[in-house]
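Okay, so here's just one chain, in structure tokens, the form predicted on its own.
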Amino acid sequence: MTSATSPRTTSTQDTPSGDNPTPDATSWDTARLTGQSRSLRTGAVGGRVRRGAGRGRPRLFTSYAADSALLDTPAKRWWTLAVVLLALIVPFWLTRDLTHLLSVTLVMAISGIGLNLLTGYAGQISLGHPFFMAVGAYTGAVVSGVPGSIVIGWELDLSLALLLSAIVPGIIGLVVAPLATRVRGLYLAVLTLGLLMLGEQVFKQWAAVTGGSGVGRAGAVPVLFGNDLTGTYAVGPLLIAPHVSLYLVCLVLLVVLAVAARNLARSRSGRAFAAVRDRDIAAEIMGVNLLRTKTLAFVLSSAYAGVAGCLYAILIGRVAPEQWNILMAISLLAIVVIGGVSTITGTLIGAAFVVLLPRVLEWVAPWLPFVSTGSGGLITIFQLQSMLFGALIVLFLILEPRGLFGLWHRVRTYFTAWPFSY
């Protein structure tokens, strides 16, 4: 933290005679101060720094509260406000199809944040994240779904379904965590992959909950606090269509869960995650409880995945046991790796990149002669998408481990430090 206490702020050193400062000298000193705080509390004479003097040194903090704030610079606050306002406005301008795609992006971002807590912050590689998404989806479908000839449903409110879709996967994560904490690295990845394969077989056989193999079932009915989100509502001059209502629900949950994850990363538990990730033996020597830390990471990650699974089932309408497979696990890992490991903002960028990339490729495919759009061409859009994912994961792991967020950080640092290199 940089202090505002500088030779210029001690006015007794600037007066020619060394006597008490005159009002003119104090005003001359405060005019040269820059920083976050405009309160001048050093020296015998207090004062106020003019608003214009706060420009030019955005990293100057004069208190621990300002240094540890969630949005610690004016630029972050204004950009965050602009992005949130844009996210609130954009569904009223886009088509139903694009709004649905953005809703899926928000849901995958929630799931990606959960995986980032486990893999990025705590260093526990997991390929079983879709299993917990499936548990959340089926929990929501049972609690808030409509019963059928085979499947069961209790038709309760969506708020209760979302709550239980976080609790039930969290409890299963609590049960699995003691097994997972015994291994690490490649062995942990294989263990979670086995959990994913085991879960897929259970889901196929448990037809009363999942609808069975190849059939599936619908997700939770979107009735939130007694309001049916499948209807159109009028709020002043605005007409909120059903797809906009679902988008707004996903957006609110994403903002809440993202802020919670960001605060968790800055807390004592978040620092314990980082210590375990960097060197678990050294962390244990320093007093970090490995079992408790890894278990907490598993439980939180599973809860995030459960909420995302419940919302995902509502958005796509019907889910089958075959959907929660290794391809989805790779897509979630791509969100974390391409977006940026150990960053919430990077996860949001990665989710947008992974979900929106197929649509962008569909738009540009007519101008790519080697992509097949009907007849001719060497590869399909799906094959091109898989190749791009693989190539980007390899390139980011080698050249920029912090992903797209790392690239953005480099650009921002360049303009902040310009004309200096560092």
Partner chain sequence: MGTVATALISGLGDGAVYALIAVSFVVIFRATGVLNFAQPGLLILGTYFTSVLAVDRGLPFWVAVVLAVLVVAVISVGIERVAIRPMVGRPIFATALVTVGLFTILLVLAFRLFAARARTINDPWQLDQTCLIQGDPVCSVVLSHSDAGKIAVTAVVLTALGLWLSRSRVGLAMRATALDQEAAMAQGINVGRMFSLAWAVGGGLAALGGVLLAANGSVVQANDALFALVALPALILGGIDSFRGAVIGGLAIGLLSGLVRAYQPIHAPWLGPNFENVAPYLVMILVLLIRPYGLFGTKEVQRV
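Keep in mind it's a predicted model, so treat the numbers as computed, not measured. Numbering follows the first chain given and starts at 1.
The same protein has a further form, the form predicted in complex with its partner chain, not shown here; the description that follows concerns it.
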item: Full three-residue contact with its partner chain in the predicted bound form, heavy atom 4.5 Å, for Y187, I379 and I398; value: yes
item: Listed residue (L198, L238, A208, L86) with a non-hydrogen atom within 4.5 angstroms of its partner chain in the predicted bound form; value: L198
item: Contact residue in the predicted bound form, from V168, A272, L333, L158 (heavy atom within 4.5 Å of its partner chain); value: L333
item: Partner-facing stretch of 310-318, 91-99, 278-286, 220-228, counted where any non-hydrogen atom is within 4.5 angstroms of its partner chain in the predicted bound form; value: 278-286
item: Contact label in the predicted bound form: I393 to its partner chain, heavy atom within 4.5 Å; value: yes
item: Non-hydrogen atom contact S68 with its partner chain in the predicted bound form at 4.5 angstroms; value: no
item: Any non-hydrogen atom of G214 within 4.5 angstroms of its partner chain in the predicted bound form; value: no
item: R292 within 4.5 Å of its partner chain in the predicted bound form, heavy atoms; value: no
item: Residues in 179-194 close to its partner chain in the predicted bound form, defined by a heavy atom within 4.5 Å, in order; value: L179, R182, V183, R184, L186, Y187, A189, V190, L191, L193, G194
